[in-house]
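Read the single chain below, which is given as structure tokens and is the form predicted alone.
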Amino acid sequence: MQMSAPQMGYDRAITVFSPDGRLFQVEYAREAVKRGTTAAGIKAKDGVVLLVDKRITSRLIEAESIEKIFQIDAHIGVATSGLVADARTLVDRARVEAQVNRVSFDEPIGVEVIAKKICDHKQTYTQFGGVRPYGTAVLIAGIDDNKPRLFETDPSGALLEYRATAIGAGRNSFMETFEANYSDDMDIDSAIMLGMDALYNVTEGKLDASTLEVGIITTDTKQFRKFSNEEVENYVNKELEKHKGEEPEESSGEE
């Protein structure tokens, strides 16, 4: 559908609101996230887990070269969806903020503090001409004073804390699974299996350990780490064993 000349003006300028109060470039950035790979975060009573389906598009691609989960500080990890280059820039900035906090205050940065700093930076790119919003959303997981925290950032700079959430193409299907099965008293192992359940539904039973990334942080260690391929494969095998003989549910995620 062809847009009218006034409509195109609102569409092209990041600093101009449309008459109904919308910033179209921010909405387009959200669409970039919706088309990205699916990333999920689940908060358990003893930690937080991040899972990403890397969605390998060619058998010629080395799966290890695609990175969607990053460590920001010893106690903080993030998962991204959307434009990969934008995500990498935000990760680099977050790492610098974490190190500046250690040098300035001799203590690790708070999870909520780093989340707000990332969102403040993203929000500035919705205010000035000559720039565009970041086309990426970020899930931030960490431990603050023995308390697991999980935040989701939006291209607009909005920030929300979740018990369980997902971003990217399969968000709708993931949220249905989380709404139905999430429990506040689940442990980290149960949280991982809940994520595997959601992945199983989104991929229609075609789980592949080589295309999955999993990262966890527990209240015991307070150290974020990514699973090895062998650890991911163990959980994938447990999930497939659980559904052996069943027909997988149809995915309701976006294409």
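The first residue of the sequence shown is number 1, and the count goes up from there. Just so it is clear, the structure is predicted and the values come from calculations on it, not from any experiment.
In what follows, reference is made to the form predicted together with a further copy of the same chain, a form of this protein that is not presented.
Trainee: Counting only non-hydrogen atoms and a 4.5 Å threshold, tell me whether Arg59, Val131 and Ser156 all contact a further copy of the same chain in the predicted bound form.
Mentor: Spot residues vs a further copy of the same chain: full contact, yes.
Trainee: Using a 4.5 Å heavy atom cut-off, indicate which stretch of 196-204, 61-69, 45-53, 219-227 touches a further copy of the same chain in the predicted bound form.
Mentor: In short, 61-69.
Trainee: With a 4.5 Å heavy atom cut-off, would you call Val96 a contact of a further copy of the same chain in the predicted bound form?
Mentor: It does not: once a further copy of the same chain is placed as it appears in the predicted bound form, Val96 has no heavy atom within 4.5 Å of it.
Trainee: Since only the chain is shown here, I'm wondering whether Gly135 would be in contact with a further copy of the same chain in the predicted bound form (any heavy atom pair within 4.5 Å).
Mentor: Yes.
Trainee: Check Lys116 for me: does it contact a further copy of the same chain in the predicted bound form (non-hydrogen atoms, 4.5 angstroms)?
Mentor: Judged by the heavy-atom cut-off of 4.5 Å, Lys116 is in contact with a further copy of the same chain in the predicted bound form.
Trainee: I'd like to know whether Lys242 contacts a further copy of the same chain in the predicted bound form, with contact meaning heavy atoms within 4.5 angstroms.
Mentor: It does not: once a further copy of the same chain is placed as it appears in the predicted bound form, Lys242 has no heavy atom within 4.5 Å of it.
Trainee: If you apply a 4.5 angstroms heavy atom cut-off, which residues in 12-31 are near a further copy of the same chain in the predicted bound form?
Mentor: Contacting residues: Arg12, Ile14, Thr15, Val16, Phe17, Ser18, Pro19, Asp20, Gly21, Arg22, Leu23, Gln25, Tyr28, Ala29, Glu31.
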